[in-house]
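Consider the single chain below, provided in structure tokens and representing the form predicted on its own.
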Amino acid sequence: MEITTTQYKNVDVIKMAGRLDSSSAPKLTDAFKKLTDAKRYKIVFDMSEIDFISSAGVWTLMETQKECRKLSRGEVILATVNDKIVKSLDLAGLKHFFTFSDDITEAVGNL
């Protein structure tokens, strides 16, 4: 599992592939934490290659979203998300907590 980060002017795009579960969530948490520690709070998470998300992965996304939105500094936009994952977040009552985008470029432009 590889996590890549691409930095644009004031937005960072993080991409990961595979399963976002209890074994990979700590690595993703570290990647998000590096950004927020550097005071970079506008993040697009490219989920185009993620086919499964567990509660540990959801927790990572929620904690990062809360940190980014604190004091209206920014947010995490979830881009190119698998329909099954969107439905899972909706069933858990968490869909409203995130902004979704079908396109990375559009997501970067919206931040």
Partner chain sequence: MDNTAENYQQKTFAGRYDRLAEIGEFIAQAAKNAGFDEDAVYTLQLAVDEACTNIIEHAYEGEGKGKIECICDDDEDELIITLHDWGKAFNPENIPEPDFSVPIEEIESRGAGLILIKKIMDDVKFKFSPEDGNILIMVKHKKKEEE
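Residue numbers count along the first chain shown, from 1. What you see is a predicted model; the values in this text were computed from it and never measured.
The form predicted together with the partner chain is left out here; the points below concern that form.
Residue contact check for residue 53: one or more of its heavy atoms lie within 4.5 Å of the partner chain in the predicted bound form.
In the predicted bound form, residue 66 approaches the partner chain with a heavy atom inside 4.5 Å. Although the partner is absent from this view, residue 88 contacts the partner chain in the predicted bound form, with a non-hydrogen atom inside 4.5 angstroms. At the 4.5 Å threshold, heavy atoms of residue 22 reach the partner chain in the predicted bound form.
Shown here without the partner chain, the chain has 91, 92, 93, 94, 96, 97 in 89 to 111 lying with a heavy atom within 4.5 Å of that partner in the predicted bound form.
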